[in-house]
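Below sits a lone chain in structure tokens, taken as the form predicted alone.
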Amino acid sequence: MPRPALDLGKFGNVVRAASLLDGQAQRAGEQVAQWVPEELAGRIVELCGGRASSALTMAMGLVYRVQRQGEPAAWVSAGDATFFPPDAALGGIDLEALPVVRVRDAHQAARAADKLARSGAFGLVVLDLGEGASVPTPLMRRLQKWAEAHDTALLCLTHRPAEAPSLSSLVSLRGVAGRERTGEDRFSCRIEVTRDKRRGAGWSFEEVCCGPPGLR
């Protein structure tokens, strides 16, 4: 997975901050939306994009920031969905402080996330749901309840195209992850927000990252 360019080996170095799109003027004093734990706390967030997108990089960037803030994060993988631990460690992730749960499918992943979020011990729980994921609405409601009760960010990674339906109507923020090579070893990793129940859709977030040796 690509890692940020200017802070070699570390996630979370923002090269370009979030910007509002579609001609929406930022009002004076209004805080600019960013892809940071504070923005996502207490919400169910869906990040769409397959293995060739920047979804894993952006998710790991959040894990990095949460760990830097001294809060625990957890990772739940369904099926074959997973990350490459050496890349995560190279990016500054403390793997010893990152519980990883591997289960068979999205339903089991959501049930595992339910237990993790219910504990109130985590600032961030990532659900890497893989291909064709679906989660029953009652289970999504429980996840929403725990996210709001404990100010936990629940990030669901789905391998869906942008035009596909959302994982759930309970998703508070939905983004589409993409990446573009901008240099020999650099990639522009971008999230286009298509749903935001707090701020409204239409903003984006971008980071320039160095790719791992396999992508250079």
Partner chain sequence: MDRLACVNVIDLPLQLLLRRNPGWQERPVVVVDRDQPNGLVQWTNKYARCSRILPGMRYAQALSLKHDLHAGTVTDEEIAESVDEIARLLLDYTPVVEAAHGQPGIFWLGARGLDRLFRSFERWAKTVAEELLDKEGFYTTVVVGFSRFGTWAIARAKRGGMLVLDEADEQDRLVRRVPLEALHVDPNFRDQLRKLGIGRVGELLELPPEGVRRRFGKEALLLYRRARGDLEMPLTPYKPEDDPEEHLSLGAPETVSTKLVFWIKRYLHPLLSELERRQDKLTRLEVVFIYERAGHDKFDVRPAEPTTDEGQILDLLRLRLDALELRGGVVEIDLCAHTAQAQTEQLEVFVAKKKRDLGAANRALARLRAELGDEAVVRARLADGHLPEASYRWEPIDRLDEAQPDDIELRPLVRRIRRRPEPLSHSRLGLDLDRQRDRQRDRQDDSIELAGPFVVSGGWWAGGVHRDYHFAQTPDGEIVWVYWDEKRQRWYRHGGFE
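Numbering follows the first chain given and starts at 1. Predicted model, so just to flag it, every value in this text is computed and none were measured.
Below, we refer to the form predicted in complex with its partner chain, which is not included among the displayed structures.
*Asks:* Give a yes or no for C156: in the predicted bound form, does one of its heavy atoms lie within 4.5 Å of a heavy atom belonging to its partner chain?
*Replies:* No, C156 stays farther than 4.5 Å from its partner chain in the predicted bound form.
*Asks:* Could you tell me if L173 has a non-hydrogen atom within 4.5 Å of its partner chain in the predicted bound form?
*Replies:* No, L173 stays farther than 4.5 Å from its partner chain in the predicted bound form.
*Asks:* Taking 4.5 angstroms as the cut-off for heavy atoms, does A52 touch its partner chain in the predicted bound form?
*Replies:* A52: yes, in contact with its partner chain in the predicted bound form.
*Asks:* Within 4.5 Å, heavy atoms only: does R141 come near its partner chain in the predicted bound form?
*Replies:* Looking in the predicted bound form, residue contacts with its partner chain do not include R141, since no heavy atom lies within 4.5 Å.
*Asks:* Are all three residues A112, R179 and E207 in contact with its partner chain in the predicted bound form, where contact means a non-hydrogen atom within 4.5 Å?
*Replies:* Yes, the whole candidate spot contacts its partner chain.
*Asks:* Taking heavy atoms and a 4.5 Å limit, what residues of 85-116 are near its partner chain in the predicted bound form?
*Replies:* The stretch touches the partner through P85, P86, D87, A89, L90, G91, G92, D94, L95, E96, A97, L98, P99, V100, V101, R102, V103, Q108, R111, A112, K115, L116.
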